[in-house]
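First, one chain by itself in structure tokens, the form predicted on its own.
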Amino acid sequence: MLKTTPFHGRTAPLCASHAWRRWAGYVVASSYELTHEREYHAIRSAAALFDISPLHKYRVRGRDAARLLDRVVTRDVARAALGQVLYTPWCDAAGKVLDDGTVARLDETSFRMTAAEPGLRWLQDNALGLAVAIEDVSESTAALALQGPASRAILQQLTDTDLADLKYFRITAARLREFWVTISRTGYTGDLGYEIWVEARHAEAVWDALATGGAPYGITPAGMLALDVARIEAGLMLIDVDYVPARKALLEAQTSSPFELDLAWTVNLAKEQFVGKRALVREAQRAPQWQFVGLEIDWDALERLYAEAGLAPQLPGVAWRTSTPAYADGKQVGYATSGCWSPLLKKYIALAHLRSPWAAPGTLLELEVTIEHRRRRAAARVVKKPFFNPERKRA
């Protein structure tokens, strides 16, 4: 049976579209209005409020908490500062990515880990012999993402904590009105934004405080359709869409290493042994066969293809999640996994896996498009990710 999040009492009456979707066993809104357009623009011009409670959340505590996390993820957790949040993947013994998420250092011996897939058994299996306690707090901890240029102003009026001092990918305890929460300067939109973590029993009261305080700033509840466009603009990958987690792969060719997902910066090969290290050390000695890149589809080329069919360009109204072949000199050299029309950038963009010889920025390719039931190829160009990277995100 599908579950509802601690915010469902507030989100359900707002969901005029009745467009719900599954996420980790919960129902969440695809969009609150009949289309996601206003919700998307709130992310980029005001503030959007997302219910992200379905994330799997684990509290890892004890003398060996950092040691356990260092054993399972690719980042150097032991060196993380108090209040630091690390984005990280974790791998199987072959160095292939199982999942990706965050590790937040709450104090010297306490961490919170978030994941897209269930990971309790994985943590427990790797904790043998260590002085550590692992608690699944997925249901007891509710979470909201407040994203957009007005997010700091909205939060600041609700708390005495000086958010101007909260750096990018840092977390702090704070009182939001009369409720203790933790606020992290993180998000999945590539914009200025925060995530608010609160006990589930206080969820609706915290939602009400944000909705009331954010009303003068144009705060808008937003669903997964708007988030999908924003995360593609930010060049952020999505599990089960942009990569297949190793435990679900049916073929070795379906798996990806961190190096193949443009996550080499998250792999610290200098730290002690961790799951997948031997395989990653070997891979680091050679260039990866695949790279995860951005694509811009040439608008003039696309327009010409539609004109040949007697049509104006017709682009999907929502972000697409379909494996789409990419070609160079007539042969397939990779595939796009998700893409969208960017309303802000006025560009048709995609995320793609390409064989390394064709992955350099500026490389000219062709991306398959279907026009009036016929498969055609539109000119495209490899570009660096992210497509959208405003200074306010880190400032």
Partner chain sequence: MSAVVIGVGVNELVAAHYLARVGQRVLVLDHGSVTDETATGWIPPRVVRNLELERAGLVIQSHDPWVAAALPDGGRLELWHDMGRSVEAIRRLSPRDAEKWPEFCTRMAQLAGVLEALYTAPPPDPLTRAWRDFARLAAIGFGIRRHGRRGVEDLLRVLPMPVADLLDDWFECDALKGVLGAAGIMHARHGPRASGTAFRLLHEHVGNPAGVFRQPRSNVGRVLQGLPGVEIRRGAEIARITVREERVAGVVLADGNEIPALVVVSGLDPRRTLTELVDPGWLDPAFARTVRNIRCRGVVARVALTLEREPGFSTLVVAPSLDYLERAADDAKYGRISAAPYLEARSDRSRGGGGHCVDVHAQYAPYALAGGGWNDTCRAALGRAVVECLAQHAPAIAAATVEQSVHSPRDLEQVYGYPEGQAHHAELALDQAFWMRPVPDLAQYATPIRGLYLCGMATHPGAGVNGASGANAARAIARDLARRRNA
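The structure displayed is predicted, hence computed values, not measured ones. Residue numbers count along the first chain shown, from 1.
Absent from the display: the form predicted in complex with its partner chain. The rest refers to it.
Checked against its partner chain in the model of the complex, the residues T182, T109, N268, N126 give one hit for a heavy atom within 4.5 Å, which is N126. The contact with its partner chain in the model of the complex, taken as any heavy atom within 4.5 Å, belongs to V275 out of V241, A209, V318, V275. Across the options 35-43, 362-370, 64-72, 339-347, residues that bring heavy atoms within 4.5 Å of its partner chain in the model of the complex belong to 64-72. Mapping the unseen interface onto this chain, R286 falls outside it, with no heavy atom inside 4.5 Å of its partner chain in the model of the complex.
Its partner chain in the model of the complex is approached by W122, whose closest heavy atom lies within 4.5 angstroms of it. Its partner chain in the model of the complex is approached by A93, whose closest heavy atom lies within 4.5 angstroms of it.
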